[in-house]
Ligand code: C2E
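To begin, one chain is listed below as C-alpha cells, in the form predicted on its own.
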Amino acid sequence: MVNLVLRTYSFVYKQLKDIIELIEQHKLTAEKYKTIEAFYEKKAEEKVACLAYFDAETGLPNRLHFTNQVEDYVQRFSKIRKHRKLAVLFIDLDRFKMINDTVGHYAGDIILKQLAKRIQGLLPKKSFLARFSGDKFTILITEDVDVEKIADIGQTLLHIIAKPIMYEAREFFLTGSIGVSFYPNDGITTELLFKHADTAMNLAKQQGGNKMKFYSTEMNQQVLYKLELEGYLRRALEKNEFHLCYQPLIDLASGEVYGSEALIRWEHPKLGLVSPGEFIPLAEETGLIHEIGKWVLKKACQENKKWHDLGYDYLAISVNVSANQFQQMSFIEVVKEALEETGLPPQYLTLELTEGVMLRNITHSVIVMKELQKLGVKVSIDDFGTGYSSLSYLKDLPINTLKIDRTFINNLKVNSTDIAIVKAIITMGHGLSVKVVAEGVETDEQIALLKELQCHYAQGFYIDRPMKSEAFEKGLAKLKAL
C-alpha cells in the first residue's frame, strides 16, 4: 500500500511539474489552465485506479478487482429467475518458493508473468484471470459452466503449468494445485465461493499437488475435523492421552518371544480411539511428531528396562521412527538421552525406518545409522518390498534387520507368487548377514512356510495382537511359569 501511494504521488508530482513549466513558457490563461488541470486530474485518477485494481508485475487484475468482478456476477445472477452458474478456480503453484529461493524474486516475477500469459491464452470467452496473491491465481468462468467442461479446462491448465519455463537458458518445472467451487451449488456469496475453492485447492495440495479438486460439503467437514483433530493433538501429550501397545516378536526356530514392537495409541475422551493412520501424518505435517516421537522412544525404553528388572533381560524393543524425526540433526542426542535416562542397554533397542525415510537423503541416513550402531542400537528397514526395494543401495546400508511387508505375508501360500518374493528376500537377508522379520502373520500355514524358508522372526495376529503393558507382562509371566 505504501508503494502504491508513493507511485501515485510521484505521478501527480510529475504532472504538476509539467503544468508549471507550461505556465512559465506560455503564460497560460486561467481558462486554459483549468482545462489542462482537469485533463491531468483525470489522468491521475486513471493512474490511481490502475494501480489499485491491477497487479504491477503481471498486469492482471488483482485481488480487489477480481473480488468485485465475482461480486458483480453473483449479484446479477441472483436476480435472474433461470439459474445461471459460475465457476471460481483457485490455482496455487506447488513449491514456487523454491524458484524464489534459487534465482530470486525478480526472476520469480518474470516466470509468473510468462505463466499468466499461458493461462490467459487458453481460457474460454467471458472468463476472468487474476493474480490473487503471491503465486496464487484465480479464474472466474461465467458461460457454459458444467462439471465436465470445467474438468477439461482444469486438466488443460495443469498440463500448461507443467510445461517447462525458460529463464536465462535454464528450464524450470512447476505444477499447480487447483480448487473449484460453483455458484450457486457451493455458495451464494463471493466469500463462500472463495472459501470453498480455497478449501478444495488446499486438499489438492495436501495430496501431492498437480491435481484439481471440486469442493464438496464432505470436504469441508473433513477440513473442519482435521482442524479439530489438530487442536486435540496439540494437547494430547500434556493430558496423558497417549499410551503404548506391545506386539510380541517370536523367534521362529525356537518359538519363543524375544521382544516386542512398541505401537502408539491415542485414546481421546471425546473422539475415542484415534487411528495412528489419522494422527501420525497430521503430527508430521504440524511438527508435533518430534515431541511425540521423543515420548514414544523414552516410554518404550523405560517399559523394556522394567521388564529386564523383572527378570526378562533377554527382551528387545522395536520403535518406529518417522521421516521428520530421523532427519533432525538432534536425533542421535534424543536416542542417547532416552537410553541414559531409562538405563536400557542399547543392544536391546531396534529403530525401524521405512525405505523412503532412508533414501530421502541417503548420505545423511548412512551417517546417522552408523552413529546409532556405534551406540550399540540396531537399525531395521520396515515394510521392505513396498518402497524402492533397490538392491544397489541395500548392500551399502548399515542395517541389522529387514521386515517383510505384510502385503506379501497375507497371501503367502504354497505355489503363490508371494512365496517366491518372500523366499528371495529371506535368501538375500542371509546373504547380507541380516536378520529377517515377517510381519502380519495370521495363519498356521504361514508360520510353517516361513520356518521352511528359514525366516528368523515373525509377528502378527496369529501370535498375538498388540496389547497394553500390563497384558504383555502377564503373558510373559505365563510363559515363564510353563
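Start at 1 and count along the sequence shown; that's the residue number. Computed from a predicted model, the values in this text were never measured in an experiment.
Another form, the form predicted in complex with the named molecule, is not on view; read the next lines as being about it.
Shown without its partner, this chain lists 303, 198, 92, 382 as candidates; in the model of the complex, only 382 has a non-hydrogen atom within 4.5 angstroms of the named molecule. This chain lacks the partner; the member of 249, 321, 335, 368 within 4.5 angstroms of the named molecule in the model of the complex by a non-hydrogen atom is 321. The shortest heavy atom separation between residue 276 and the named molecule in the model of the complex is within 4.5 Å. The closest heavy atom approach of residue 441 to the named molecule in the model of the complex falls within 4.5 Å.
Taking the partner from the other structure, the named molecule in the model of the complex has no heavy atom within 4.5 Å of any heavy atom of residue 186.
At a distance threshold of 4.5 angstroms between non-hydrogen atoms, residue 211 is out of contact with the named molecule in the model of the complex. Only one of 202-210, 262-270, 162-170, 187-195 places residue heavy atoms within 4.5 angstroms of the named molecule in the model of the complex, namely 262-270. For the stretch 461-476, the set of residues having any non-hydrogen atom within 4.5 angstroms of the named molecule in the model of the complex comprises 461, 466, in sequence order.
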